[in-house]
Structure formats: C-alpha cells, structure tokens
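Coming up is one lone chain in structure tokens, specifically the form predicted alone.
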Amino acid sequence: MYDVFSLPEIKFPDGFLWGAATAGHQIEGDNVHSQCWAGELAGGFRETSGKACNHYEMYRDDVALIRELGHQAYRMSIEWCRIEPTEGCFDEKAMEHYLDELRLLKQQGTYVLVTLHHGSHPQWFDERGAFQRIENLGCFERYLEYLAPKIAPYVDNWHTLNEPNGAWPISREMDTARTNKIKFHARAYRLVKSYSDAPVSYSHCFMQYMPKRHYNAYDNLITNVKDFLQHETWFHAIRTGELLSLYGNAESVPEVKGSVDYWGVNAYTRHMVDARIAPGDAPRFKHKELKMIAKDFYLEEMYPEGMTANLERLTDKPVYITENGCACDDDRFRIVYIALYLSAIREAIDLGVDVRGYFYWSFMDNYEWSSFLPRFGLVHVDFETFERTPKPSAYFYRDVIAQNGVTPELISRYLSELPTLSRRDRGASPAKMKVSE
C-alpha cells in the first residue's frame, strides 16, 4: 500500500480532458446477436451477461447522470452485432437508437469517444473466422461504410478496436490474428478519416511485463518476448509500416504507417514473468496481492509506477488514458487508486509525455466478461433492480475534474484513514463511507 495522504498537490495542464469509459456488451444487456452471447450460453461461465446494466433501455438516464457527475467526456462503444445482426442486413431501429444516444450526449456538451469494436462482434462474423482470416476485412469495411458517415457529426474522437494487441499466448494462430488486426485497424483508420476530421486511434492494452527474478537472463528473455509480441510489434508497425512476426518474414504495409493520431492507452497493472513456469506467467509477489473482491482477479494490484514507465515509451504522439480503474468492494480503495495513478500520470507529463486526457474505467459497475463480481464502477448498479447509486469515489472524481487535479485537502475530505483488508473492514458498505456532495 502507498501513503496517499503524503501526495503533494497534483495539477494537470489547462484543457486536460476528464471522463469515464464503458463498453456496449458489458452494460447494454440482451446483446443476443454477438459471439459473446453465444459463448456465454455455451461456455459454462459463472454468470452470463443477461440484461447487464440494462443501459440499452436506460441510456437517457445514464447520459443525464454523466452530466450530473461532472464528466466532460464519455467513451462508449457501438455494437456491430446490433447494427448488422445478419450479414449484409442493417437494423435501422438500432442505428437510430445509437444516434439518439449520441445526440443527447452532444446536446449536453459531452465530448464523445466512440469505439467501433470493443470485444464483441456479430456471431456470423465469428463463424466466418473473424480476425483470423484477412478475407473478412471486407465485412468490417462494409459495416463502417454504413456506420461512419451517420455518426460522424456526433463523434469527437474514434477508436477502431479495443485492445487488439491483447495479452495472447505465443502461437502461430494468435500471431496471425494479431497481424490481421493491425491491418483491420489501419483500414478502419483510413476509412473513418474520409468521413471525419476528429482524431482516430485504437485502445492499446498496456500491461507492464516484469521478470520475477530481476537479474535472471531467462526471465528477462521471456519478458522481452512477451513485451515484443504485445507492445513493440504494434508500436513498430504504426511508426514504420513494417509488420514483424515470430512465424513469418517481415511485411511492409504502407497503410499501417502513421495510422494513429495519438496513443490510446488502457493501463491497469503489471504481469510477472517466470521462465520456469509455462507459459511464463508468474503469480505476483505475496506482499503485492490485494484481494479487494471475493474472487481471485488478475488486476488486483496497485502499481502506479508502471503507468509512468509505460507512458515514457510514448513521446512521439499525444496520449489519452482511455481506461484505468480499480475493481473493489470497498470504494475507499478506488479513491486511493485514482489519486495514485493520477500522480503517476502527472509524473509522466513532467518527463515529457503529452498526456491530454483520462477516462476512468468504468462509469458504472458492469458485466466483466464472465462475472458481475468485479465492480469497477464509479456508480453502483443493483443488477436486479438496475438502480444507479453514485459511490463516494464518483463525487471524489467529480471534484478532481472540477479542480483539474488532486489536493491533500480533497483526499482528506473523502478519506479519514487508509483502507485495509482486515476482516473488520472487508466489504465495507458504500452507504456508510464518507462522502461530500
């Protein structure tokens, strides 16, 4: 744990953009034409998404709540599986639904970042092989040609794909998918730019890999391989147009070069690497485990210095933090997490990184792909009644936005002591936490 009360005042540059992020499949509910829905029904997950947060029906209330909580920006995804549930057949009613949501956001002055693919796509696209087959690029193009000109008047910022660089195992199949996704992204970038002057990027999953044994040659070797596959292949491709692979010759794709206007960064924590454990993934140090929810969860660690270290690699273009957040049952941990990671981002700015905005993940508790247990939200959701209740962290973040930074006084307004995982505090009720409205 870190002493959050020792943080000095943190101020961000004028014009810094503040908001929160969500993903359609995780909040909308009844996304029945997606490959995720089919996988949930067939995969024996602990929980299925069902109605999720029922956002598809309650989006007007949620848009209003975004404004009430002081957010300047909102990142959302549009579900391809709703717009084109059957190959080649577009649903005009679904299209109008998203246009109405976008209009409402713009009418209240919210800066809108739209993600075109966030983890889910039509089941028919999946049955065709999805990103595993480059021949499917035409399907994505057809969809974007339909969608992009319609939503362009309401979009301030675009993401083509969310975390296409994902933390994949080393295999020929995954290498092919990764290379194809770089090409999908580049084609989508060029297509969107033909309809919009707004900036375009993708969301880079920026896990920091660290060797279990810091001076061990084998641990460092596997760490570097993992970093190369997940991070450097993408950065190199976009900076040079050259696609590198473990399983084939380098390929020059000029369309890829320069296909981001900024770096979009999703950053949470680090992954430990042990060359003696296949496939190299190691448990984190015992003293760094933070069991903040009632299950083992790979993001349960606070390691803000990893954020600074990662951002130092991105000095060639502006940067937006498009996801960063904490899953916890005791909301006080979320306040600590936000303050620490904002401090780390400020450190990166001082080191010369042009960070221009921050989107907290997530605006509301949601379906975390296989379970409702990890609660990342600033807003509590009752998954039976769908009632929304802002947590103390939501008001803390509102005040951070209002003063464009964090002060010791603000932290003390919301925290009287550091949270602990001792039995007496485990699962503390959000309703009993300190809050100032």
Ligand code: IFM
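These numbers were taken from a predicted model, which means no experiment stands behind them. One-based numbering along the sequence shown.
Keep in mind the form predicted together with this ligand is missing from the figure; the text below concerns it.
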4.5 angstroms heavy atom contact with this ligand in the model of the complex for Y56: no
Can any non-hydrogen atom of W369 be found within 4.5 angstroms of this ligand in the model of the complex? yes
Look up in the model of the complex whether E323 has a non-hydrogen atom within 4.5 angstroms of this ligand, and give yes or no. yes
E84 versus this ligand, in the model of the complex: is there a non-hydrogen atom within 4.5 Å? no
Candidate stretches 65-73, 369-377, 30-38, 397-405 - the one whose heavy atoms come within 4.5 Å of this ligand in the model of the complex: 369-377
Go through Y98, W361, Y189, F131 and name the one with a heavy atom inside 4.5 Å of this ligand in the model of the complex. W361
Which listed residue (R346, R178, H271, H118) meets the criterion of a heavy atom within 4.5 Å of this ligand in the model of the complex? H118
Stretch 12-36: residues contacting this ligand in the model of the complex, 4.5 Å heavy atom cut-off: Q26
